[in-house]
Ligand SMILES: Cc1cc2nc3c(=O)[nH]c(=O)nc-3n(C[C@H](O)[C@H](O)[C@H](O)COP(=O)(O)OP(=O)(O)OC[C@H]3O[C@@H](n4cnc5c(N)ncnc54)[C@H](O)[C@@H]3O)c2cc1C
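This document opens with one chain alone, in structure tokens, the form predicted on its own.
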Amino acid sequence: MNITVRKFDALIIGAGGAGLRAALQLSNADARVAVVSKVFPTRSHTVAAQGGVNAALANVLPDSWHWHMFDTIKGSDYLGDQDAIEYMCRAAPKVVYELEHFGVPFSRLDNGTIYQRAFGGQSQNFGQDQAARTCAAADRTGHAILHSLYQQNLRARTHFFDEYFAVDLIKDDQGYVLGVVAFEILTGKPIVIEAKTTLIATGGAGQIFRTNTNALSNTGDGMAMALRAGVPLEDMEFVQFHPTGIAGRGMLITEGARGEGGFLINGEGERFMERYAPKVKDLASRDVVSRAIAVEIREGRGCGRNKDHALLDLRHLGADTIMKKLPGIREMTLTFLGLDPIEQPIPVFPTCHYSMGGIPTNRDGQVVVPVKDTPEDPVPGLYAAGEAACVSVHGANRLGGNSLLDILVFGRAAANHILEYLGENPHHRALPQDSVDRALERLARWDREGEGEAVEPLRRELRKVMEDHCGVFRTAEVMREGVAKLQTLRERIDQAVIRDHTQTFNTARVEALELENLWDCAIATMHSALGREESRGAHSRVDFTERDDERWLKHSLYSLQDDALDYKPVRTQPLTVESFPPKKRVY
């Protein structure tokens, strides 16, 4: 087959905030950069981020990067790597000011400085008082950031492959990653994009759960590509359930709604968070609030006819605050519920939101794997950033406002290291044909015809298995059943067929490849959750209810080969300050 080959210095897979921030850094340094995205860049999932980006600017209340660091470590349930967390929190103010200069239209205070709102898990003085640290552009912060970064990349002449689907990484026998095999969704025509460096920035895998806040495109493509290339995935058991998704729908109601003063009530009209987090109440960390809602419902204090949700009450904020600070939330509830939050509370329920785990990286964005006695050995030429990666700054639970910060800090850091790598490796390596052929074979498998199940019902079944067997509360027995169901599902996926090969724009082939990626991420999540016999952060085991720092203060590593689980230590030593040792996590 005669396949087009394009050559670049750097290839970035994914056009969300991490990918575009890296691309901009590289293009501004005169590197030849390609960005591959299966959706138009401004439709990447960063556009859906609502609440804001954390940085200790102290525009509203006194603040410090050191307090931000403490909150992030505490929020991670002490599983976050403290050197990476210090690096991120120190870099945060500079990153936000860069965004301001890129043209991001932040909301402003009367004195002209960037508006900052309160968010869950944030504090002053190492847990003493509530902080206001989240820099916001109303409730459309991700939208503002993504559009500004895309426009800056157009100015910098970054090359975009819009609506191309990345199939698999190209890797030579020395372990170097040399690009990707992709295909154009419009025509189905394959292409080899050869690059000296490759950055995976494909976002999370929220679509493994039936009810989630994620775009349909969040199918864990980059994570699955890394798995198939022999890279283990780190901490996949830690999946954040956001406490305030619209009940029965999953669309996100930003934590900023509670940051502005909204609160949760149960079926008895009670502000129940006072029971679970007496000090900060509705602004406890997300895992705490999600479990509180689930417990209220399980104990019969839910709202509605079926007592199956809680209510988020914003009415006391007044029309002016809601219209000014939360316009997108009002628009969403009017559209999908026919409900005006100025007049009625919003029905909410915890919904899958974010992957704390992902492709293991160091602070420079290099993908690293343990080799023998070496804790971290870089995969040459391969980088990852954003939700697809695990640095790990989020540990067992991410704080709201740290996701946008993560993608910006480590997208930028990865680009800076790529520039160093390009200086040391200025030439393309020989392209291994066998690696290209393997990717093309995966693509060709979905051209098969004959009898077999269709893709979409299998996708629905996979997502229900994950919701039923790996949700907010978990037990070994239920997860073992889930593993067995996923293994059976894999056999059925291998025999599935695309029913309509004439379907417009090759979307059927995209959905089939996404299903394989979803399964890879789902099995990694289920095995990792089954292996961790403790409750920590977002991973809540009914059969192991306590956090166990003696046995489990370590990161999990799942490999696709033989479903192998390995572990590596948490980096508890920061860069310049004293370590924060684990202690009881209360809010």
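In case it trips you up, residue 1 is the first one in the sequence shown, and so on. For clarity, every value in this text was computed on a predicted model and none was experimentally measured.
Missing here is the form predicted in complex with this ligand; even so, the following discussion is about that form.
K.L.:
Looking at the partner-bound form in the predicted complex, is Val36 within 4.5 Å of this ligand by any heavy atom?
P.N.:
Yes, contact at 4.5 Å.
K.L.:
Though only this chain appears here, would Asn218 touch this ligand in the predicted complex if you measure heavy atom gaps against 4.5 Å?
P.N.:
So Asn218 counts as contacting this ligand.
K.L.:
So in the predicted complex, does Met225 come within 4.5 Å of this ligand, heavy atom to heavy atom?
P.N.:
It does: once this ligand is placed as it appears in the predicted complex, Met225 has a heavy atom within 4.5 Å of it.
K.L.:
With the cut-off set at 4.5 Å between non-hydrogen atoms, does His45 touch this ligand in the predicted complex?
P.N.:
Flag for His45 set to yes.
K.L.:
201 to 209, 358 to 366, 423 to 431, 294 to 302: which one contacts this ligand in the predicted complex at 4.5 Å, heavy atom to heavy atom?
P.N.:
Partner-contacting stretch among the options: 201 to 209.
K.L.:
So which of His469, Lys171, Arg258, His353 gets a non-hydrogen atom within 4.5 Å of this ligand in the predicted complex?
P.N.:
Result of the distance check: His353.
K.L.:
Quick one: from Ser76, Gln122, Asn402, Thr244, grab the residue that has a heavy atom within 4.5 Å of this ligand in the predicted complex.
P.N.:
Flagged contact: Asn402.
K.L.:
Quick one: which residues from 14 to 53 get a non-hydrogen atom within 4.5 Å of this ligand in the predicted complex?
P.N.:
In sequence order, Gly14, Ala15, Gly16, Gly17, Ala18, Gly19, Val36, Ser37, Lys38, Val39, Ser44, His45, Thr46, Ala48, Ala49, Gln50, Gly51, Gly52 come within 4.5 Å of the partner.
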